[in-house]
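One chain follows as structure tokens, the form predicted on its own.
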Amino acid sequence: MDRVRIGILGTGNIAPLNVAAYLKHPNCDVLAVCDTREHKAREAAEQWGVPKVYTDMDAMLADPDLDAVEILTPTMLHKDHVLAALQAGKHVSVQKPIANSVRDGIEMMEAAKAAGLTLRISECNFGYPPLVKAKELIKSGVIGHPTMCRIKTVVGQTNSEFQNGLDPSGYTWRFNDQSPGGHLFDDMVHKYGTALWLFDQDITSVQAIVRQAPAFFEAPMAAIWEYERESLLGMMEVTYAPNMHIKSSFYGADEFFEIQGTDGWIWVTRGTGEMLDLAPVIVYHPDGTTTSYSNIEARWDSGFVHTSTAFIDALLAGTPDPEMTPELAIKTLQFCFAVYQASIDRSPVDPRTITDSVSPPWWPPDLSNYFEDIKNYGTK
């Protein structure tokens, strides 16, 4: 294959971030866009310079000019859409999470293997340069043997052009029983996946406490987990601060990653936002000196650019995509559901034992007192 001809299924809020690198890749042609909302499909096609517009998925998948599809539809549709694309002989990139259940994810993985086609799950964190650098530094041994991974996520308010331009209808399904969970399912899979990817180690046990917050938020949350190597542990916290402004060009959120080793530590100081005026990556060395990597590309959307580029490059080379494989996506989903299950049971859960899905006991949320719930959040 000397060129990749790709079709885009879904034109929701996140679509422009995923499509940008396809449009710029010298050996990729975005030939088609499909959305059941014809006006949205035509708007996207005009904006991206795409020649073909479809409102029916099967019609687009039947297009013999297409080699691959990028599936950007809601998570509950991933299984059906991925299976249809594979049956049509197309390579597939699909948004995270891979599916609403582990069982569905396994079926999708097995279908791709049977068809001899690429199925990869688009995970922007795996292309985000500060995290790529952190993984490179861990592997180099600069901090010795990693012993602890700490991940912090805070969600607050921002006034970015990106967030103000989001289509609210793109969130409806995230607030009801079309999803098995809320923020910890929809967004935290980025962080769950990163915790696995940074060390190439399976997680064997998870303990967690998850509280309910307004809307689809599930916070505060605190989790601790064990890796295969006994001397390596992980911990995570998620907080919701509705009255706190977060400096961000995208969503009103930010993330911080700290990897402690026997000889030093690595700190990734930003993710979605730009809260701290620090270098994106800082290393503390055994002798007490520090190295700040200030020249790393650190806008959050750069992760999407590198991830989309990697998909095309892998297809051109005829090699497995280096990003999130179905196997890793399934482990990520099991980790997510293990957090819910551990909070429900108040006892450790081995994520590898989860074969379907788990939801928090209050899901789906009651939105009838939404504004009052935000006003009173944190007082009880």
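Bear in mind that the values here come from a model prediction, so they are computed numbers and not experimental data. The first residue of the sequence shown is number 1, and the count goes up from there.
Not on display, but discussed next: the form predicted in complex with a small molecule.
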Seminar exercise, completed: If we test each of L184, V82, I266, C124 for a heavy atom within 4.5 Å of the small molecule in the predicted bound form, the one that passes is C124
Problem set entry | Contact residue in the predicted bound form, from P129, P214, P220, G170 (heavy atom within 4.5 Å of the small molecule) | G170
Problem set entry | Within 4.5 Å of the small molecule in the predicted bound form, all of T73, P97 and R174 (non-hydrogen atom) | yes
Exercise. Among 32 to 40, 344 to 352, 61 to 69, 312 to 320, which stretch has residues with heavy atoms no more than 4.5 Å from the small molecule in the predicted bound form?
Worked result: 32 to 40
Exercise. Any of the heavy atoms of I14 lying within 4.5 Å of the small molecule in the predicted bound form?
Worked result: yes
Exercise. Is F304 close enough to the small molecule in the predicted bound form to count, meaning some heavy atom within 4.5 Å?
Worked result: yes
For this session: Give a yes/no on whether G10 approaches the small molecule to within 4.5 Å in the predicted bound form, heavy atoms considered.
Result: yes
For this session: Spell out, yes or no, whether the shortest heavy atom distance between W300 and the small molecule in the predicted bound form is within 4.5 Å.
Result: yes
